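Next up: a single chain in structure tokens, the form predicted on its own.
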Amino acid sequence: MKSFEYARPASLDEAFALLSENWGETEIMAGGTDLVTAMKQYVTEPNRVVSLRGVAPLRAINATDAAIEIGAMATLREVLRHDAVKAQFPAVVTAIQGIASPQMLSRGTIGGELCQRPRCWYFRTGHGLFAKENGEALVPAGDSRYHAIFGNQGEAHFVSPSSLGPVLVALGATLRIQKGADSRDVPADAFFQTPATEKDRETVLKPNEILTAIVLPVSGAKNATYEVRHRHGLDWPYTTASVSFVLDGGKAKNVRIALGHVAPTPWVAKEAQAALEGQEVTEATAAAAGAAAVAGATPFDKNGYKLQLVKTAVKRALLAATA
């Protein structure tokens, strides 16, 4: 690991003064569960690490009748145990429970979970974000078992590693980003991006900005998450489906379905949403939505198995939401 300067500001103003305008010169540490590993792997080699552990207001969780605002430095365990979150958002609870590692739950933060870098083994072993060697892409003809089946027509073949990203997209959450005295609210489905170059990141955050809060609107919508994992514990899912909808006269309205670990960003399953909109949620309609969810998928040679996992995850998430 490259030597670096460590700073632990006590306020956001102090933190902003320590950040650079260029990626890689400084890095923000939330829980550190991803950043420390990335530094050991030389994925990033910052001159300065700015820890936000000392900025107490970023750990607050405030609930009203209209929304729950979660500070970006709230730990996963704090979010998991919050009564309002448990009452309103079982999709969030399930996603956090899936992480399962006690150490990750106690140390990892909700903001850090959303901003972690891809887990692609080519990226983590020095082949760059687009996994190339001598100018040739390694994933299409290589070991693509855990890579994207959607949005993989460009140079990015990795999958977004966030377990909470699809949940926030399905729930219509807003993420608050701050730079000095200025702040902007970004819808969850616009927060994640597919990088255009190796120097870009996987979110719209700029190097001198800080994600400060996640706002979940309380709408009374039914919601659920279903994950398919190889094992519980310190691992990432093969596929995730997060769903949200309102029942109006027994029929699903405002259907939102987001998939995880199948694309470089959380993937909105528009065809699946359209298939369920205005329908009763039954075994048959949930299965039809699952089948529609794989429309447009372009798997590689070794990850076609994800198609069936997507169908199953969407169906089971929809049925779980109605339970």
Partner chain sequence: MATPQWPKMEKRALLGKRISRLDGPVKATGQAKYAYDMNRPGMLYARCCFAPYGAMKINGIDASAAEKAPGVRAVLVEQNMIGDEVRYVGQILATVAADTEEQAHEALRLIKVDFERLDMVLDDMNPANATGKPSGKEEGTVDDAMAAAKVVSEGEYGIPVITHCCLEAHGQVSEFKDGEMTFWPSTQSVSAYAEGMDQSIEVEQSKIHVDCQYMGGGFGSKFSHDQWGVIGALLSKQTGRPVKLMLERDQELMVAGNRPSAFGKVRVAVSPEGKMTAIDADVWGTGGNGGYRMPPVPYVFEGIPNVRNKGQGIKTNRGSQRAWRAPSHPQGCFITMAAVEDAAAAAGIDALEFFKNNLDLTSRPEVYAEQLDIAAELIGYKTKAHLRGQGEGPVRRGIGISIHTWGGMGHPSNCDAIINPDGSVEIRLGTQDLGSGTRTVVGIVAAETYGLPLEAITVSMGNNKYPFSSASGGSTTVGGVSSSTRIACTNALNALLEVVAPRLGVAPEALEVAGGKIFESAKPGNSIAWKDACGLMGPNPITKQGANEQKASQDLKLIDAGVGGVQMADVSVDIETGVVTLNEMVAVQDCGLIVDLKTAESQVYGGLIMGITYALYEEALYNHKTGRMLNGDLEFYRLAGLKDIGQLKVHMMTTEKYDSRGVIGLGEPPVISPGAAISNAVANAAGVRVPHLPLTPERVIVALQKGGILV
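Residue numbers count along the first chain shown, from 1. Everything numeric in this text was worked out from a predicted model, so none of it was measured.
Below: the form predicted in complex with the partner chain, not depicted.
- Put simply, of Lys206, Lys179, Arg81, Arg145 only one has a heavy atom within 4.5 Å of the partner chain in the model of the complex, and it is Arg145.
- Contact with the partner chain in the model of the complex, judged by any heavy atom within 4.5 Å, is made by just one of Glu136, Glu198, Asp185, Asp248: Glu136.
- At the 4.5 Å threshold, heavy atoms of Arg77 stay clear of the partner chain in the model of the complex, well away from it.
- The partner chain in the model of the complex is approached by Tyr305, whose closest heavy atom lies within 4.5 angstroms of it.
- Of the heavy atoms in Glu277, none are within 4.5 Å of the partner chain in the model of the complex.
- A residue is said to contact a partner when one of its heavy atoms sits within 4.5 Å of a partner heavy atom; Gln103 fails this definition for the partner chain in the model of the complex, lying far away.
- Proximity to the partner chain in the model of the complex, taken as heavy atoms within 4.5 Å, picks out 116 to 124 from the listed stretches 248 to 256, 116 to 124, 68 to 76, 206 to 214.
- Taking a 4.5 Å heavy atom cutoff to the partner chain in the model of the complex, the contacting residues in 30 to 45 are Tyr42, Glu45.
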